[in-house]
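Quick heads-up: it's one chain on its own, the form predicted on its own, in structure tokens.
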């Protein structure tokens, strides 16, 4: 046992299979456990990075889809505005055409009345000439 104390003071130790070690057996065991935990941690970090990468990829895809739909919506809105302006322009043209046709109808009605009056006068003249 004295030799073990001397070896321990020198920083040397025997493990469970009586091999000479620099570290104490419990320190060696803790080091091995820590090494395993580190490997597990690194593995979990790799999994996390893959998960985050796929999440970012999916988010980018969704963002592109949203942007495309947004552009389609803007295009549709602009087309609707254009159609509304065209209809408004057509409506104005039709109103102007209606006003023009009303004016023409009034003129033709006045002309018709004038012609009827003239016809009545001529018929009256013919009647007077033929009765005399």
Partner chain sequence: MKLKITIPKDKKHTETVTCVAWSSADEVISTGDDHKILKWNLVTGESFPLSTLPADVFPTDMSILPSQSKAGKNSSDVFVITSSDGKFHLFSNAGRIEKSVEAHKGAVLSGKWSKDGSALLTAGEDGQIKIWSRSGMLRSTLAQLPCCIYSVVWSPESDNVLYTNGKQLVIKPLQPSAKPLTWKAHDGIVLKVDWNSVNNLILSGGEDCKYKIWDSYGRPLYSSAIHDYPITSVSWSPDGNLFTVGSFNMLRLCDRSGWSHGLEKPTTGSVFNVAWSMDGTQVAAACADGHVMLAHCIEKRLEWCEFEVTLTGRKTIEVRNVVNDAHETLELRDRVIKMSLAFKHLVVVTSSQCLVYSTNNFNTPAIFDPRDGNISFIQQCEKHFLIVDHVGLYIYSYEGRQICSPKLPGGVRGSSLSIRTVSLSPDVLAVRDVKNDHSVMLYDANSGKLLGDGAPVVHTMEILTVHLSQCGPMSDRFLAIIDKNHDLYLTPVRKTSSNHRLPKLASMVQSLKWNSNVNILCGLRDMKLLVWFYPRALFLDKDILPQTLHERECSEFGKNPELCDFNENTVIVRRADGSICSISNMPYPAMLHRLVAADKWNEAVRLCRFAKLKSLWACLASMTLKEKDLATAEIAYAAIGEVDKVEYLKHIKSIPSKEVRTAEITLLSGSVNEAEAILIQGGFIYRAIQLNLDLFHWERALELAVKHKTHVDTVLGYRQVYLNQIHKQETSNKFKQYSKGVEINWQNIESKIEMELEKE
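Computed from a predicted structure; not experimentally measured. Here, rigid core means the biggest group of C-alpha atoms that superpose within 1.5 Å across both forms. Numbering follows the first chain given and starts at 1.
Below, we refer to the form predicted together with its partner chain, which is not included among the displayed structures.
Here the chain stands by itself, but in the predicted complex one stretch of 76 to 84, 35 to 43, 92 to 100, 63 to 71, 92 to 100, has heavy atoms within 4.5 Å of its partner chain.
At least one heavy atom of residue 107 is located within 4.5 Å of its partner chain in the predicted complex. Within 4.5 Å of its partner chain in the predicted complex, a heavy atom is found for not a single one of 47, 54 and 58. The partner is not shown here, but in the predicted complex the stretch 110 to 124 reaches within 4.5 angstroms of its partner chain through a heavy atom at 110, 111, 114, 115, 117, 118, 121, 122.
Superposition on the rigid core between this form and the one not shown places the CA atom of residue 38 less than 2 Å from its counterpart.
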